[in-house]
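A single chain comes next, written as structure tokens; it is the form predicted on its own.
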Amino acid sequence: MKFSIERAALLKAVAQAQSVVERRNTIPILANVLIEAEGDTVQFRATDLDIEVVDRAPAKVERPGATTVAAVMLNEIVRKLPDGALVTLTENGATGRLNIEAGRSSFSLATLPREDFPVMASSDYASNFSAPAPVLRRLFDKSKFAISTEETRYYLNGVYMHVSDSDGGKVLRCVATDGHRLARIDADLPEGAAGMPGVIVPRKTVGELRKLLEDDEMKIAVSVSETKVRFATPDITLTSKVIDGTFPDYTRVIPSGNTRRLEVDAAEFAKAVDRVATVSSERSRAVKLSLDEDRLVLSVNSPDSGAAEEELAVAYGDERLEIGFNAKYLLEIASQVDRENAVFMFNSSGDPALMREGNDTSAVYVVMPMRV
């Protein structure tokens, strides 16, 4: 195998591949990237047995072939090569080495046989559709903060992507929750997605997927089966197993009877919460919201470190209410708001609060209160 490739194209492909590779590996081949050169393209394939990413890049192939080499090492080498360099990779079958040359630099890396590299079995996808990158980016970006990190409740360790009903008809919906807060984001249902099975996309996959969604003009081909999900652009294919579990009935958690309405400037609110939370104790991180006619007082009273208070002008016309929340949860939810105003709907100090952006119901957040 021998081919030449631009450094920028090589770096982009190798960087995506090496991020999938698990750092702590007991199986040596899983630390490698499979390089396949044929025609005028080179494929870089990496897997951790749960996720597989295949990145294609244009190259001048002199001798087609395939080999595997340490992904992290290759990425580091390419990253340190000068901009604009033309990189030549040559596999030497006799020595079992891959030679990398660029300008006056040359490297020789150990390889492992390509036959040992596990390729994820392709599955028959029940549903195939395409969606614009910005739509998928919004669905996952706005929901992923609520993914649970608790390994025992493994079915909450991802984003639940499914088809659901809303006021305006069927929608493509992403939901994540960790039991303390919940995010529910809707988008128009793409053509061909109606029969899609609901799947839980794992946290690591959500992180890798983000790299495919940078280009606003890009259409992403999405394929879903009961056990796998695949996202593809012309250059990159990301295939992942889905979490084998049942996502809980999240609709029961979303309050429908909350009538006390608070409207507040989202950015001002986030900054004020951040300021008063400075003195809160690490353990509780509790912030108290005291609501009265068109004013909100945020306060923290920590016996160990001190107290803080800040007042904000808000739109609130209901009876007086005092309710406490974890400052971190409030900040994360407030930072999801793209519009100017956040609308909170409360019931009582012991009930979950609901938040949305203005009158937009396509993004809904729920946060559980704390005793303060």
Partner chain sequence: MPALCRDCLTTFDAGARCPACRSPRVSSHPELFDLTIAHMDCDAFYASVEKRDNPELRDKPIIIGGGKRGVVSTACYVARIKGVKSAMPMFQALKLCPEAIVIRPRMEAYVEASRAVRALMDELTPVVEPLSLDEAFMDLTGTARLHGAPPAVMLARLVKRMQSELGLTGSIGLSHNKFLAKVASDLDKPRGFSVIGKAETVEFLRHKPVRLIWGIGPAAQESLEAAGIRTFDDLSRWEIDALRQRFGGMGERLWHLARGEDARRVSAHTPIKSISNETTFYEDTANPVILDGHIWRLSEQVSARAKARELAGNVVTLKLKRANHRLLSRQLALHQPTQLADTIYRTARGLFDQVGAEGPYRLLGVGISDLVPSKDADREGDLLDPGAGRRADAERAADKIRAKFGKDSIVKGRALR
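Positions refer to the first chain, counted from 1. Computed from a prediction, not measured in an experiment: that's the story for all the values here.
Just so you know, the form predicted together with the partner chain exists too; it's not on screen, but the next bit is about it.
Put simply, of 223, 111, 177, 239 only one has a heavy atom within 4.5 Å of the partner chain in the model of the complex, and it is 177. Site annotation in the model of the complex: the residue of 189, 270, 213, 182 reaching within 4.5 Å of the partner chain with a heavy atom is 182. Residue heavy atoms within 4.5 Å of the partner chain in the model of the complex occur in exactly one stretch of 195-203, 152-160, 131-139, 80-88, and that stretch is 152-160. Taking the partner from elsewhere, residue 329 is found to have a heavy atom lying within 4.5 Å of the partner chain in the model of the complex. Interface residue remark: residue 245 is not counted as part of the site for the partner chain in the model of the complex, having no heavy atom within 4.5 Å.
Remark: residue 370 counts among the residues lining the partner chain in the model of the complex, judged by a heavy atom distance of 4.5 Å or less.
In the model of the complex, the partner chain lies within 4.5 Å of some heavy atom of residue 253.
Taking the partner from elsewhere, every residue among 286, 352 and 366 has a non-hydrogen atom within 4.5 angstroms of the partner chain in the model of the complex.
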